[in-house]
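As structure tokens, one chain now follows by itself in the form predicted on its own.
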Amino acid sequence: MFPYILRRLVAVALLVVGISLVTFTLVRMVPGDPVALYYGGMPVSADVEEALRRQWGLDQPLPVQYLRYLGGVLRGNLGVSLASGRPIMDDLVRRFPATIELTLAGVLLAVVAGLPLGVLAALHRNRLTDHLLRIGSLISLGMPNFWLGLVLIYVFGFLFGIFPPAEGRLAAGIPAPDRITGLYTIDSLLAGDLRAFRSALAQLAAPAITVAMGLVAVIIRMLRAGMLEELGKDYVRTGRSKGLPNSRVFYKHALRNAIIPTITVVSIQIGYLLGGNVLVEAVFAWPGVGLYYINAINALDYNAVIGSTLLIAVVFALINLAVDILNAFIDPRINYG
């Protein structure tokens, strides 16, 4: 296992270099002048503009700019935001816990709902329950997450008042808990601040449901297909013929094998969610990496766009590595040697 992990880590490093090169090139091709955007379109003297270009390194040829940037990335320095003047790594470290909290909450809701529903659909194959779950999963997959978020805000927030206004991670007037993990629900509990915990949980509910809806459908369909495949295999028939209880055959044997591809798919979705909650974060004003990414693109903040992309790529690759290792522990037949 160790040589495999080492090879994958080397691949992650090469991935960072490749993505940084592609992103750097594509971002520089976008029309617009970051210096003009920095000053909001206000006229500035040529000397001030030239000084700012030298400070940001924009006066150098593109290959030189990239090599300087790559050298900083390899040292853990993602550069300085052209829009705010703050180190990008500091911005990402400050915002990434919000994205993690939203993703984990959405995945937890999806797993809690999707696993039993997927098993239920398989056990009631081609019956009314199965048909309803399959139709529901198709509808869920077809709903754009930003549209669902707007519906939740309007119907359950504005009309019925179930969800609070979409104004970030805490309601207005409630101070953030002392930073321990960066996850407000956990930090508020650790600090014993129940008021902040209730507010953080209420603000998290609607965006987490929005994130979970599509993933629930994926889990139901994947687990149903896996369970049906496993239930038709010889070892299931052998177990039943030997008098094993159906619950043991279903949940200890069939489910354990059927859940492996489901775990893989869910892990890939987690990687996407950590970097792809852009629209959900924008709809709910959630101050995570996705919203930071949108603002960086709008401001033509080259360094912030590239830094955010690299973070997403590294997290995605590491999650896939962790899942491969987890699958090897779940299924002893898997050997990466």
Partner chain sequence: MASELVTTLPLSSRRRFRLNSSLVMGGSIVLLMVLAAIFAPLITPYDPIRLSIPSRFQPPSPEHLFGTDQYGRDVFTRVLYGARYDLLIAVLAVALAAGVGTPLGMLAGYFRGWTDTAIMRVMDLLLAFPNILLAMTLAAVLGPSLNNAILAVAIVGIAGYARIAYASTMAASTEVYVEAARALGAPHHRLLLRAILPAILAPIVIRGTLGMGFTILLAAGLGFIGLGAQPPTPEWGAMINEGRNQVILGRWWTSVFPGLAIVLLVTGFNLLGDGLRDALDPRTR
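No experiment lies behind these values; they were computed from the predicted model shown. Heads up, when I say rigid core I mean the largest set of C-alphas that superpose within 1.5 Å between the two forms. Numbering follows the first chain given and starts at 1.
Separately, the form predicted in complex with its partner chain exists; it is not shown, and the next lines address it.
**Q** State the residue from I162, I139, L201, V112 whose non-hydrogen atoms include one within 4.5 Å of its partner chain in the predicted complex.
**A** Here the answer is residue option I139.
**Q** Name the residue from P245, P144, G71, G232 that puts a heavy atom within 4.5 Å of its partner chain in the predicted complex.
**A** Contact residue from the list: P144.
**Q** Please determine, with the chain shown alone, which of 85-93, 216-224, 237-245, 71-79 has non-hydrogen atoms within 4.5 Å of its partner chain in the predicted complex.
**A** Selected range: 216-224.
**Q** Indicate whether I297 is a 4.5 Å heavy atom neighbour of its partner chain in the predicted complex.
**A** Answer yes; at least one heavy atom of I297 falls within 4.5 Å of its partner chain in the predicted complex.
**Q** Closest heavy atom of T309 to its partner chain in the predicted complex, within 4.5 Å or not?
**A** Yes, T309 lies within 4.5 Å of its partner chain in the predicted complex.
**Q** L15 near its partner chain in the predicted complex, any heavy atom under 4.5 Å?
**A** Yes, contact at 4.5 Å.
**Q** For V151, is any heavy atom within 4.5 Å of its partner chain in the predicted complex, or not?
**A** Within the cut-off, so yes.
**Q** Out of 157-173, which residues reach within 4.5 Å of its partner chain in the predicted complex, heavy atoms considered?
**A** If the 4.5 Å heavy-atom criterion is applied to its partner chain in the predicted complex, 157-173 yields only F158.
**Q** So with the core overlaid, does the Cα of A285 end up 2 Å or more away between this form and the one not shown?
**A** No, the C-alpha moves less than 2 Å.
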